[in-house]
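Only one chain is included here, represented as structure tokens and corresponding to the form predicted on its own.
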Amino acid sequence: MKDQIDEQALLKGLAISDKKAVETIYQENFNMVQSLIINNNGSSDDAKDVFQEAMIVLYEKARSGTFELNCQIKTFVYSVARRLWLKRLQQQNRFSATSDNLENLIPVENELEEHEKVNVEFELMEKALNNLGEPCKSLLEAYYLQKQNMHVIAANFGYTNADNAKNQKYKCLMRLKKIFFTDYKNGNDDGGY
């Protein structure tokens, strides 16, 4: 119930161009729209444009005085951004579906749920990585994020050869998985995922 009240307050704030309401809606929704656009053949500039357009739609609806939001703001913004992006892709011939087929895509709620699940998993993975400790954290980052090969890692971390570095990477990865899945299990006992 409190969330609904907060959402209504945000909409009223948006309707009168309240800076705090606009910033809150931006902070709570931009990353979600950016992920949608970038994961579907777009750039961060495209994401900014589409998000601005979606905000204008929401702003105009809020100002109308007759708009009744029957979902969360993030669902509305995501849905509008998704439609705008699909329309733009169609215009650029980067998406081959006809407008009839657009309605048959995954429902927004399912897509949004999946996006939120992935965000939770990324947060848990980041937490697990931070709890991993050194040198494991740095070793895994060197291999997976910086794409260094085992010879470079062996030299940088003082292992006698690439095979020893590879064995250590495997042990670190197993420790990371154990931490992650312990957090994942404990963090999702609410019946969520």
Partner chain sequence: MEDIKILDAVERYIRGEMNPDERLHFENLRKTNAEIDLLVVEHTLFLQQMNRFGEWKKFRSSLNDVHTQLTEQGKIDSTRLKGKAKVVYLFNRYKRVAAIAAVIAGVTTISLSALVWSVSPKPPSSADYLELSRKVDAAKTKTDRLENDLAVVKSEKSSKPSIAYKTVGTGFFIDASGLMITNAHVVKNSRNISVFNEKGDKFNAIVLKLDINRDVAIIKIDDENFKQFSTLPYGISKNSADVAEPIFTLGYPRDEIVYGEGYMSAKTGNNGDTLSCQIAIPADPGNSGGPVFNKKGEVIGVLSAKKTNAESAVFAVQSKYIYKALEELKTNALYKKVKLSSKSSVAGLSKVQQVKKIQDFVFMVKGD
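Positions refer to the first chain, counted from 1. In this text, the rigid core denotes the largest set of C-alpha atoms whose superposition between the two forms falls within 1.5 Å. Small disclaimer: the values here were computed from a predicted structure and weren't measured.
If you look for the form predicted in complex with the partner chain, you will not find it shown, but the lines that follow are about it.
In the model of the complex, at least one heavy atom of residue 30 sits within 4.5 Å of a heavy atom of the partner chain.
Residue contact check for residue 129: one or more of its heavy atoms lie within 4.5 Å of the partner chain in the model of the complex. Contact annotation for residue 61: none of its heavy atoms lies within 4.5 Å of the partner chain in the model of the complex.
A residue is said to contact a partner when one of its heavy atoms sits within 4.5 Å of a partner heavy atom; residue 156 fails this definition for the partner chain in the model of the complex, lying far away. Heavy atoms closer than or equal to 4.5 Å to the partner chain in the model of the complex belong, across 151 to 182, to the residues 166, 167, 169, 170, 173, 174, 176, 177, 180, 181, ordered by sequence position. In a rigid-core overlay of the protein, residue 176 has its C-alpha displaced by at least 2 Å between this form and the one not shown. Superposition of the core reveals a Cα shift of 2 Å or more for residue 129 between this form and the one not shown. Once the rigid core is overlaid between this form and the one not shown, residue 54 does not reach a Cα shift of 2 Å, moving by less than that. Distance between the C-alpha atoms of residue 51 and residue 125: shorter in the model of the complex than here (change of 3 Å or more).
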